[in-house]
Structure formats: structure tokens, C-alpha cells
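Only one chain is shown below, in C-alpha cells, and it's the form predicted on its own.
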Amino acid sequence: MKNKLTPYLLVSPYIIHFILFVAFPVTFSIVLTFHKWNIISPMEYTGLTNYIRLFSDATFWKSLGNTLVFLVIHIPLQIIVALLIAEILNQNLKFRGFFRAAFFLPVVVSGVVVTILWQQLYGFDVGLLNRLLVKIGLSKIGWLTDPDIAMPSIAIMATWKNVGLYVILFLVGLQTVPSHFYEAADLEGATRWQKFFKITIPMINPTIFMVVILSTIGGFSLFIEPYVMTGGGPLNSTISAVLYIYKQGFFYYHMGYASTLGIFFAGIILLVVVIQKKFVERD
């Protein structure tokens, strides 16, 4: 009997964690989508009212569009910069270990701290970036006050914050490419770019796929940056889907509607990841 129970006892911490922190919250969220609840009053069944409201909520679709704009800028920039840095750090450089640690350092720094730092850099009047522009004779830029520039500014900051993680992942991928492929290419007279596109890229395809998926999920989870830097402004140009869901739940106490938005948004993330998986793996 003891031998039969041992495997179940060993996996019980995970099972308990899964039930308490995954299965129950997700199930409760799905139930909430059919109710109106402000935490204080009892839940009131409303049927499909929350879903009907979702499809007519212009602000939510605006937040979803903002998130997609962020992803379109952030993911390619993240992949290109991370792969470029990883390729450089994979060479025989002096102080290579120091540079690897330096690029990874922002990843372990608190997101709020990094966001406040970049908020100061982006400051319109006293920000370092605008002061440099004025010194070289250019006009100030409303990095966080111009609706057309605010989201790209946040995307650049998020890339700086997270690129170190993807540099490490790409480094691991690059170091698994067999060296004899490059030696054979050298004998055939291949150029550096030919080796990169014909050998390196195909061989690290699984790593690229993983980086794309992680960047996508991380981008869809955009919250801290707009919450701290702009609060979703100006003119809702930086309000992300997660920030909007948070405001509905914890600012206005529309818990049922917030759950509906969350479930719908999770479905969108799943759909995007499945499509990415299909195309990246095929290529």
C-alpha cells in the first residue's frame, strides 16, 4: 500500500497547487462571465449580457489594437536585437562573460524600477533624451505625451528590459550548431551572410520559435509599462488589453465583465500562438 501511495504523495504538491491556483480561478472566472458582481454584493446572473457588452465596447477594441501595435513593433525588434547581440557575444571577445551578464541584468531588475527610470529618460522638459535633442538643435519629442509616439516608445523600453533573456536563449541555440557545418561552408567559399542565413537560421529554428512564442505571450501581458508611465493615456493610446481588464475589475469593480474580457483575451492569445506555431515550424 505504501508503494502504491508514494507516487501520489510525490505529485500531490503540484496537484494541490494546480487545483487552488489554476483550475479553481479559471473555473470561477468562467462562471463570473455570466454574472454581475462588484465583490461586495452577491453575484447576479445576467446570462450573455457581458459578452454582448464586450462586442460593443469601443475602449476594449481600442486597447486590443494598442496591444497589437505594441506586438508588431516589439516582437521583430526583440528578435533582431537579441539575435544580433547573441551573434556578437558568441565570438571570441575579451570580457565576454561580463557583457553577457550586463545584457542580462535588466531582466532581473524590477519592472517598476525600469519603467520609472525610462519615464525619467522620456520626460518632455527635463528628460535626458529631449535634453540631448535640444543640444543638437532639434525639437523636443513628446515620447509619452504624443498619441502617435507613446506606444512605440513603450515598445522600445520593453525591448531593452527583456532582450537579455532572449540573448541567453539565442546563445544556447548558437552554441548547439555543429562547427563542421561552418567548416564545410568555408571550404565551399560561402560568405558570412550565406552561412548565417543558410546554416545558422535553419539550425536555431526551434530557438526562434520559442522566442517568438515567449515574446508574444509577454507582449500580450503588457501592463506595468503603460500603468506606471502613462496610465493608458494620452487619449487611451497606450491602454493595453490587460490594463483595461485590470481597470474594469479593480477600479470599477465590474468583476463579471473583467472576467469576460479576460477569457476572451486568453482565447485571442491562444489563437495567435497556434497560428505562429504553424507558420514558424513550417518555415
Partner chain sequence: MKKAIFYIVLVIAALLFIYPFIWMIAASIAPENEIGTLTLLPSGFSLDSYFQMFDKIPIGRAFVNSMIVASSITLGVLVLGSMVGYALSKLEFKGRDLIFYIIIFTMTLPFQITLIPQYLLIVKLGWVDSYMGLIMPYLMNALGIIMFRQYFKTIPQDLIDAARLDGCGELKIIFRILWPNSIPALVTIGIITFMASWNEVLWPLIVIRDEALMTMPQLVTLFAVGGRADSQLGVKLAAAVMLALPIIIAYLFFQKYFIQSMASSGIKE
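Take the two forms, find the largest set of C-alpha atoms that superpose within 1.5 Å, and that set is the rigid core. Residue numbers count along the first chain shown, from 1. These figures come from a predicted structure and were not determined experimentally.
One more form of this protein should be noted, the form predicted in complex with its partner chain, which is absent from this view; the next part is about it.
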| item | value |
| --- | --- |
| Candidate stretches 159-167, 196-204, 178-186, 72-80 - the one whose heavy atoms come within 4.5 Å of its partner chain in the predicted bound form | 159-167 |
| Its partner chain contact in the predicted bound form: Ser139, any heavy atom under 4.5 Å | no |
| Distance check, Tyr227 to its partner chain in the predicted bound form, heavy atom within 4.5 Å | yes |
| Interface membership of Ser221, its partner chain in the predicted bound form, 4.5 Å heavy atom rule | yes |
| Distance check, Ala266 to its partner chain in the predicted bound form, heavy atom within 4.5 Å | yes |
| One residue of Leu174, Ala190, Ile149, Leu89 in contact with its partner chain, assessed in the predicted bound form (non-hydrogen atom, 4.5 angstroms) | Leu89 |
| Any residue of 251-269 that, in the predicted bound form, places a heavy atom within 4.5 Å of its partner chain | Tyr253, Met255, Ala258, Ser259, Gly262, Ile263, Phe265, Ala266, Ile269 |
| Post core alignment: Met43 C-alpha displaced by 2 Å or more between the shown form and the other one | yes |
